[in-house]
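In structure tokens, one chain follows: the form predicted on its own.
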Amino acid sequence: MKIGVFDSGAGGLSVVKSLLTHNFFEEIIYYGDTARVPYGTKDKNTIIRYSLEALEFFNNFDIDLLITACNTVSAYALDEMNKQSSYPILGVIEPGVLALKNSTLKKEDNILIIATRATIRSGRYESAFKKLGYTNITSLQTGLFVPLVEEGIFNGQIVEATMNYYFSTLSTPKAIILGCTHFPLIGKSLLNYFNNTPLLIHSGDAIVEYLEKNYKLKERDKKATLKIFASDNVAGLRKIANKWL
């Protein structure tokens, strides 16, 4: 099988990393819309338009499945993309919700959702968790992490200062939902900030679990081929890929 992975920028590489680790696919086509990142500050109609334009890019490849690694796209544009596609398109929100459901966390445990402004405003994660009976949920817009990751800054003083800006008044959560695929790239820094206490739930691991369960995929012996494309500065995106992957 050949799979496509779409993100607004470099964040979807966190999903690619999990896919490469499990090696389900013969080829992975990655496209980052780096010319227009971040999507999380855009309005709904713009997000849908950008996403459908990305879908046109993937029509140039004979893919069997597409993952919209961007949580914002998954929140607002997934239905429209599936209407115009001849192959299945999966988002990352549902797998993330199922990952929490399958964890050992209690319903009253403190859960922190961090994501872009658009994803938080959609309320998709929070409403799904409340339906499952979780009662202690905090949702927080943390969009400043996105440009840091796009610059390849995963740790250090700037990242620590940004975390302190967002988290200084919070108690340590039992779990953090990384509601943006950029955020796993700063996962180690997040754990360090919270003294390695929270469970981190991110789209890469969640989508692998979802694929195993729903598509009955098995690991291959031969390593997958990865091709990386971008709407701008593909060299910069490949540099981040070399660092992260």
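Please read all numbers here as calculations on a predicted model, not as lab measurements. We number the residues from 1 along the sequence you see.
Just so you know, the form predicted together with D-glutamic acid (DGL) exists too; it's not on screen, but the next bit is about it.
Note on the interface: of 51 to 59, 186 to 194, 212 to 220, 30 to 38, the segment with non-hydrogen atoms within 4.5 angstroms of D-glutamic acid (DGL) in the model of the complex is 30 to 38. At the 4.5 Å threshold, heavy atoms of residue 98 stay clear of D-glutamic acid (DGL) in the model of the complex, well away from it. In the model of the complex, at least one heavy atom of residue 119 sits within 4.5 Å of D-glutamic acid (DGL). Remark: residue 180 counts among the residues lining D-glutamic acid (DGL) in the model of the complex, judged by a heavy atom distance of 4.5 Å or less.
Although the partner is absent here, residue 78 is not a contact residue: none of its heavy atoms lies within 4.5 angstroms of D-glutamic acid (DGL) in the model of the complex. The contact with D-glutamic acid (DGL) in the model of the complex, taken as any heavy atom within 4.5 Å, belongs to 146 out of 146, 159, 90, 175.
Applying a 4.5 Å heavy atom cutoff to D-glutamic acid (DGL) in the model of the complex picks out no residue from 49 to 67.
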